[in-house]
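Next comes just one chain, in C-alpha cells: the form predicted on its own.
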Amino acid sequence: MNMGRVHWLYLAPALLMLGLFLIYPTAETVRLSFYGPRSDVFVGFQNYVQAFTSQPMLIAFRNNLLWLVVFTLFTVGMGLLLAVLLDRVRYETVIKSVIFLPMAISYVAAGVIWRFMYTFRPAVAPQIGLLNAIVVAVGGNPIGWLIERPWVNNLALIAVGVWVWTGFCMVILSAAYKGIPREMLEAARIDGANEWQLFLHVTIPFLKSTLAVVTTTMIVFVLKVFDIVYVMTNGAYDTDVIANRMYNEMFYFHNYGLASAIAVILFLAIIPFLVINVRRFRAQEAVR
C-alpha cells in the first residue's frame, strides 16, 4: 500500500462521521431552503425574502438583538464583577458554588422555576408568584411579567438566562483573575493606584483574552437561544426568537422551506464568532 495514503485510511472513519452528521445535514438544509413548504417546488430566494420581511421574523430579529446586548452585557459584566469581588471574601468557594448552581440544572427546569416566580394573578386574587407577592406586599399592583410587551416580558426572559449563565462567566473569569501576578497588583498599589485604576489598567488588560472567549461564547449561545423562550412563552406576546421561530415553522406550521431558510440564517450569523474564536486560539498557540 502507498504509505502516502495510509493516513487517509486512519482518517476515514472520522471523515465519514463528519460528513454524515455535519456536512450532509448542512447541505440538505441549504437545499431545502430554496423549496416551498412541502419541499417539492423550487421557489428560489422567496423563503429568505419572507424571513427578512415578515412581521413575526422581524420581531424575532429584534428580540435576538435585545438578548444579544442585554444578556451578554449582564452575564459577562456580573461575572467579572463577582470574580473580582469574591476573590477577597472568606467563604469564596461556598458563595461561588451557590452562584454556579443554576448551571447544573437544565434550561427547561430553569424555565419552569421562573414561570412560578413570574406567576401573575389579578389584584383581587392572592398572588402565588414570588415577585408579584413582593410587589403587592410593598403596596404595588401585580405585574404581568410574561405578558407585558415588548420590554417587560423580554427582559424577564433574559433575566432567566442571566441567572443561569452568570455563574459560568464568573468561574472562567475568576480562574483567569487568580492568574494575575500578585506582585504586579501590589506594585501598582505602592505606586499609588487606587482600586478602580487597578481594575481598569491592570485587571482588564490582563483578562482581555479571557473576556473575549467568554463574550463570544455568550454571543454564540444567545444567537441560538431556544429552551427558555419555548418553555416560558413559546414566543407568545412578542417574545419570539429566531430559533423558536424556526422550530414553530418546522413542527407547527410544517413549512420546511422557511424553517430551513431560518436555520441557514442562524448558521451564517454564528460563523463569524466561531472564526474569531478559532483565530484567537491559533494566535495564543503561536505565542506559546
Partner chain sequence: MRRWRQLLKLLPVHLVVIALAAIWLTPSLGLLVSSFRPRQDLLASGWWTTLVNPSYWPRFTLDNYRDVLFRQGMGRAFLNSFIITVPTTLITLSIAALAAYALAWMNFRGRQLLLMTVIGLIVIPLQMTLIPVLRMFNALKISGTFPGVWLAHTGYGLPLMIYLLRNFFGALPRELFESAFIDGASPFTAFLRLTLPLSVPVLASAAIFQFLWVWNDLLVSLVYLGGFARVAPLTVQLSNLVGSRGQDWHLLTAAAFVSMIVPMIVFFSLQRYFVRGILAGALKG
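No experiment lies behind these values; they were computed from the predicted model shown. Positions refer to the first chain, counted from 1. In this text, the rigid core denotes the largest set of C-alpha atoms whose superposition between the two forms falls within 1.5 Å.
Omitted here: the form predicted together with its partner chain. The next part is about that form.
Contact annotation for the candidate site: Trp151, Ala156 and Gln197 all lie away from its partner chain in the predicted bound form (no heavy atom within 4.5 Å). Of the listed positions (Ala187, Leu101, Val135, Ile180), a single one reaches within 4.5 angstroms of its partner chain by any non-hydrogen atom in the predicted bound form, namely Leu101.
Contact annotation for Phe71: none of its heavy atoms lies within 4.5 Å of its partner chain in the predicted bound form.
At the 4.5 Å threshold, heavy atoms of Phe42 stay clear of its partner chain in the predicted bound form, well away from it.
By the criterion of a heavy atom within 4.5 Å, Asn63 is excluded from the residues contacting its partner chain in the predicted bound form. The shortest heavy atom separation between Thr119 and its partner chain in the predicted bound form is within 4.5 Å. In the predicted bound form, Ile113, Trp114, Arg115, Phe116, Met117, Thr119, Arg121, Pro126, Gln127, Ile128, Gly129, Leu130, Ala133 are the residues of 113-147 with at least one heavy atom within 4.5 Å of its partner chain, listed from first to last.
When two forms of a protein are overlaid on their rigid core, residues whose CA moves 2 Å or more are considered shifted, and Leu15 is one of them between this form and the one not shown.
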